[in-house]
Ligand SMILES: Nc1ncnc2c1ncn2[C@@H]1O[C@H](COP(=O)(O)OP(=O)(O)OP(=O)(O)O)[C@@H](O)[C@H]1O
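Just one chain follows, in the form predicted alone, and it is written as structure tokens.
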């Protein structure tokens, strides 16, 4: 069996994490917040620099699992864009489809880590391609086995539509874990789902697309559009189905949470990294959960991504015929 090619498409960022004992979470009604008073200086205990962006995060999972991981996005000639490329090169991610031009600049995120591991992200999107996908190589989409498009910046839903149609033309399979710009128009997103092979969303996001109160209801309704549906609900676990069986999984392991950044990327890419190799729905979910659990024990979205061959243990999981 040839090693599958997975092309990740979407923005890359420089992430700067600030840790402080003064970033204490407070609850007011349904909202939890960290108070940052104006006009004062707050002590920061630690600063961590790392690269992020949904598409670069998932590309690293694919590379560490021994797949042919490719990354495509226009980046700038600024130092941060160079750092992003250097990180991907170190991880053996193929960056031949990255185009660097002065007109582009990478994204930049300042992330405040609260004492409970939750975070507030201040995000600058940078300057990237447009709705038509200028400087993207659509031939690369047609030649890949799978694509993972996410966080498409200024291109949004219109660019996602073009990317998915290019995949259909090349018989390339699609996993979709859409970010904010792609979720902004649920009606248009729903029209694309017939060309998506695996859809992964959290409960609130899935409720934008189909009706349902429970995770199982949402998964069953989602199967009307896609052959594989995964719906997560944070600490309440995940429900997934491939149209044959349905799985409800809890937490892989109760670990101290250091930083939740990248946990969703680690779960979705962890699933796909096993699914493309022919692993079962159950085994793919177990690895996805383990990968996500590992990531939250480290600062940044990539440090905790699991290597190939890591030994996994059992987890709370129930599988039944659909």
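Numbering follows the first chain given and starts at 1. All values reported here derive from a predicted model rather than from experimental measurement.
Only in words, not in the display: the form predicted in complex with the ligand, which the text now covers.
Open item on the list: Is it the case in the model of the complex that 99, 107 and 128 each bring at least one heavy atom within 4.5 Å of the ligand?
Closed with: Heavy-atom distance to the ligand in the model of the complex: none of the three under 4.5 Å.
TODO: Evaluate residue 279 for contact with the ligand in the model of the complex, applying a 4.5 angstroms cut-off between non-hydrogen atoms, and reply yes or no.
DONE: No, residue 279 stays farther than 4.5 Å from the ligand in the model of the complex.
TODO: Answer for residue 36 alone: is it within 4.5 Å of the ligand in the model of the complex, judged on heavy atom distances?
DONE: Heavy-atom contact with the ligand at 4.5 Å: absent for residue 36.
- [ ] With heavy atoms only and a cut-off of 4.5 Å, decide whether residue 63 touches the ligand in the model of the complex.
- [x] Residue 63: no contact with the ligand in the model of the complex.
Task: Partner proximity in the model of the complex: residue 267 to the ligand, non-hydrogen atom cutoff 4.5 Å - done: Residue 267: yes, in contact with the ligand in the model of the complex.
Open item on the list: Just to confirm the contact call: exactly one of 285-293, 40-48, 269-277, 27-35 touches the ligand in the model of the complex at a 4.5 Å heavy atom cutoff, so which is it?
Closed with: In the other structure, the partner sits against 285-293.
Open item on the list: Can you work out which of 232, 81, 241, 172 has a heavy atom no more than 4.5 Å from the ligand in the model of the complex?
Closed with: Of 232, 81, 241, 172, the residue with a heavy atom within 4.5 Å of the ligand in the model of the complex is 232.
TODO: Would you kindly say which of 154, 92, 202, 134 lies with a heavy atom within 4.5 Å of the ligand in the model of the complex?
DONE: Filtering the options by heavy-atom distance leaves 202.
Task: Sequence-ordered residues of 244-264 touching the ligand in the model of the complex, heavy atom within 4.5 Å - done: Those in contact are 251, 253, 255, 257, 260, 262, 263, 264.
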